[in-house]
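Just one chain is shown here, as structure tokens, and it is the form predicted on its own.
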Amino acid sequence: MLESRLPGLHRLGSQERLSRLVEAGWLQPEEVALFGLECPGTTLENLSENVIGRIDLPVGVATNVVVNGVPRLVPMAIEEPSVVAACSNAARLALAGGGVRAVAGERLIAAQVLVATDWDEPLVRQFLAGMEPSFIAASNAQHPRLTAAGGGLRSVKYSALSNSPQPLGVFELLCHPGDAMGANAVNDFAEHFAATLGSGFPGQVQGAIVSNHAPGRPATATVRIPVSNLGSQSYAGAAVAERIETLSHWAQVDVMRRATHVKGILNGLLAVANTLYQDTRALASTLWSHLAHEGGTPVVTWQCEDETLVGRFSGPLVCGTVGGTGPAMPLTAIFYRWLGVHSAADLEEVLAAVGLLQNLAALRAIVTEGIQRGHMRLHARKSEEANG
């Protein structure tokens, strides 16, 4: 019987771990070569734990993309070819309206400190008012690079937690992350705050953790396409535009449709984020949290205005261009150059535009030839390759 307890695995090198897996019967000797450990410019050992190899995703490029008047070449790491093709096609359609206009959101990230206390809310807020200024100053002094980049801890707020079985309250720490994604910094602020409460506060800290709900103003993107450019072999442009508007309304009122509507947007966002080693889990969870908070407004909406189809993206896009894994990887600088990205705000704008274009492509396909035709045509190449 195979044994999953492999003591000391973390102290070995990657090749040694593979040898241990062979010895333990989990791996055949001839399979070792499949785990290609080469990673130019860095080492896989630094990126994860108990590293034994890597897997590859193809990187395609979406063409025709213009955001804020600047041509972009958009790298997309995804195993689904129709996503790259669809983004390129939608971007081509958007050129008729001058491309996409995008505005980055308010770059704020929050953390929470949960406390159990018998003090009522006004008394805790009075306590907080006495310590907040000095705490913020001391905390920012511990992060000079962040504050020099215009970031840092901005505020601490308190509110009682309603409907809890015991008297609980939450301190919310609000941070500007600069060009970083920011989770590590604000988590550090939160743990420091929890330790600073000390004996003067009559209560017990229950936990401190970053929040993946973005409290700031969301990023936005807008595209305006003359309806005459939307036609297909079977439908006039005006009919396509009206149907896209109808599908947009469908996503607003039907949760089953809305889930797939947003998943299609994430197809594009996460494919770009993958190429830059962004935290794709945080990006997705933040968007879903925003979706729930906004009462189901599905991130991208479409509306016919005179002879123009107008699409609008509105949602928080958690990302960063400094810190984390991305800057250490050999292709990241090239991809940022292709994207025209010099800051996290630039990256937000490109991501918002890609999400908008990806949704346009999906809706236009649904109302014209259907999703399956183009999707399966590109999928067939995988089967042909697998069958020789």
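These numbers were taken from a predicted model, which means no experiment stands behind them. Residues carry their position along the shown sequence, with the first being 1.
Keep in mind that the form predicted together with (R)-mevalonate (MEV) is missing from the display, and what follows is about it.
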| query | finding |
| --- | --- |
| Region of this chain that lies against (R)-mevalonate (MEV) in the model of the complex, out of 156-164, 170-178, 255-263, 137-145 [heavy atom, 4.5 Å] | 255-263 |
| L108, A110 and E348 all contacting (R)-mevalonate (MEV) in the model of the complex, non-hydrogen atom within 4.5 Å | no |
| is_contact(A362, (R)-mevalonate (MEV)) in the model of the complex, heavy atom dist at most 4.5 Å | yes |
| Residue contact check: I366 to (R)-mevalonate (MEV) in the model of the complex, 4.5 Å heavy atom | yes |
| Interface membership of E80, (R)-mevalonate (MEV) in the model of the complex, 4.5 Å heavy atom rule | yes |
| Touches (R)-mevalonate (MEV) in the model of the complex: Q278 (any heavy atom, 4.5 Å) | no |
